[in-house]
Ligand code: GCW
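What follows is a single chain, given as structure tokens, in the form predicted on its own.
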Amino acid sequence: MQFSRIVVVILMIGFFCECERFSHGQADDGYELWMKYGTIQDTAVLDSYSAEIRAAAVTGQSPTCSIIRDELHRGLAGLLGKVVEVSDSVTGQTDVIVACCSCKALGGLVDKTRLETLGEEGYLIQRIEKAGRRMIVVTANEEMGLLYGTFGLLRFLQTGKNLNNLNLISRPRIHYRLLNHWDNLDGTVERGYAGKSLWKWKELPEKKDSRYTDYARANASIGINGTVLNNVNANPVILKPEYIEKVSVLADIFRPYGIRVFLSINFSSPVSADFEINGNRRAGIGDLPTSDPMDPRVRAWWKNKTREIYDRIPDFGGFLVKANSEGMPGPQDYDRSHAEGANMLAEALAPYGGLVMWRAFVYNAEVDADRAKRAYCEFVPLDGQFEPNVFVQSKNGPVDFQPREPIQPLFGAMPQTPLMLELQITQEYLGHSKHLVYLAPMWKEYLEFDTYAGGKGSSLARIVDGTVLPYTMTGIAGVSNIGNDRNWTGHFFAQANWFAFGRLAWDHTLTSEAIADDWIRMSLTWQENTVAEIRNMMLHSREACVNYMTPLGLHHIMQADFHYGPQPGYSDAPRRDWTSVYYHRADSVGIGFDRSSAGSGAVKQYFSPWRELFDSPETCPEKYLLWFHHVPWDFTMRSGHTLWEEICSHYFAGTDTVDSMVDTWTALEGQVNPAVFRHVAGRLSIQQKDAAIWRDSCLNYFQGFSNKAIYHEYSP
């Protein structure tokens, strides 16, 4: 017994040293993300919390309840700097109770009518006084709600909020909240900028990296409940039995954290390893001569494969499909529709409760001269033809995750087909992991955009969450920015985008400011002035990026293939819609893509009044001007500047903001962890140089068409 006590003391000393190292200037390598749980530095807050939190209980014996107990113990001990007993039963000394609403221990402490709206994942956190004692109760209808509620309580404490105000009721507004990993089986990550893939396929199933559990824990802390493990440009090998066994190991690890596993599939998987259709090579893992979705043999193959997956992974989520896009095979290879292809898979998944997420990212310059119109043209006529367990998954804009695009007009145009919103957390077009670009303001811009699909008030968020249209299921996906870099995301501040995606997926009414504030306090500092300075940097970073890359509706003028730096003159590609000149169309007259009713007609895909507002340069919002119009260089903008002067002003405003970010961060030395300070300072230096390169490369190139001096309002 004496030996056991000594061991406990040694372990606790080590634990507190670990918690304190972030508070006393030792290196923060970013691994703990927003869950550092360092001891609260505000004495008044610490004393207040410590006085009310001395012992906790988590009822229940399931793996999820064990995770909750461990998290609560870890979090409270770290934040309060003292041992907090977390037991599995409630006593007269318990200050924090985590229990399902059906637990007898609650004994009337909670008004159960408040729980009726929480569903399976929502939670209630209350500060209750009974018989002269104050208690904190975390309750829910199901264990997953308790897990999310526990993280909610710890976030409340981590951000130093007043316990007197502790009365939280929260439920997710969107049911399926997924990360899409574009990870390949060889360990590379398409559009990944934080190292190699987390999934060590060669080591699975025997070796289970501890990082898998840390990944699941991080996602659960922000409410993400699903993950697509592999690239949408899918390798059929992922469906081989040996890989299904590897996937099942990850599913077992993720399950207690409420995370279901999904897979991207290759539509030609049933065909033999070397097969040709319409001149294109297809490599599958089956033995069929076709992957025609109307062929009974193909339908049987998918049913058998689906049964094989569910035999090993009973809660498997379903399939994500990229079909007939950028060379990927699909039903159109056999003159079948997207609906016929999706429904074949839906039929196989339906008995198990599985989903099909069929991506709407399709375009073909040979069919339509305006790539931005293609998804609408192909999918709107199919509305009502998809099986009930099919999502059409669409990107936020009509082209491809550009720094700024107008909204994808599909949203609201398919009332009988649930649309899943796809956002990109990884910064493919926004400076990779080199640039500090906080993406919550961009996502909020889309989520709050009023489509007018059901009249005024039909925001994208209210379409996606099923409020405006009677969707039977709702979903949102984020293309992951996670890799095996020690800090997970390459850039320390890119962690904020992972965090923000999860928080907005759970509750899209949260503000960019509130999310940033929480992340800063959980990840960097509580010092009010420092929090304000960093928050200001973050909130202005996305607009700065738009300005120094693609202002006023310009788009797709980045380097070919790599998508990092500027290449506005790029014209040598296998297809026109992969070039830069296809999009900006600069000439001696002006610049911009004419999508008006007199041009490609893309404006007609929007609901009124946007259809009419977008159609005229005089009424089109200037941030979308060059997206919808080819505008003369001397066109008078609302500022009084000519278009050319306005373009120049935006490019300089972008680099000016980055210069200001550098100055702000430099002044924070000594106020944040030294290792984090050095890391971010190094990245900001790169961003500052890159922003100037974007500005100068684009302005010098476009000057060749405008034949006007580069305008800068601060100099003659």
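Start at 1 and count along the sequence shown; that's the residue number. Every value quoted in this text rests on a predicted model; they were computed, and no experiment measured them.
The same protein also exists as the form predicted together with this ligand; that form is not shown, yet it is the one meant from here on.
Residue in contact with this ligand in the predicted bound form (any heavy atom within 4.5 Å), chosen from N219, N231, Q567, N141: N231.
Comment: this ligand is not present in this chain, but in the predicted bound form one of K305, K444, R535, K322 has a heavy atom within 4.5 Å of it, namely K322. Contact here is defined as any heavy atom lying within 4.5 Å of this ligand in the predicted bound form, and by that definition each of W182, K395 and E428 is a contact residue. For this ligand in the predicted bound form, the listed stretch (189-197, 125-133, 468-476, 495-503) containing residues with heavy atoms inside 4.5 Å is 189-197. Although the partner is absent here, F361 sits close enough that one of its heavy atoms falls within 4.5 Å of this ligand in the predicted bound form.
In the predicted bound form, at least one heavy atom of H563 sits within 4.5 Å of this ligand.
Under a 4.5 angstroms non-hydrogen atom cutoff, this ligand in the predicted bound form has E326 among its neighbouring residues. Contact annotation for D368: none of its heavy atoms lies within 4.5 Å of this ligand in the predicted bound form.
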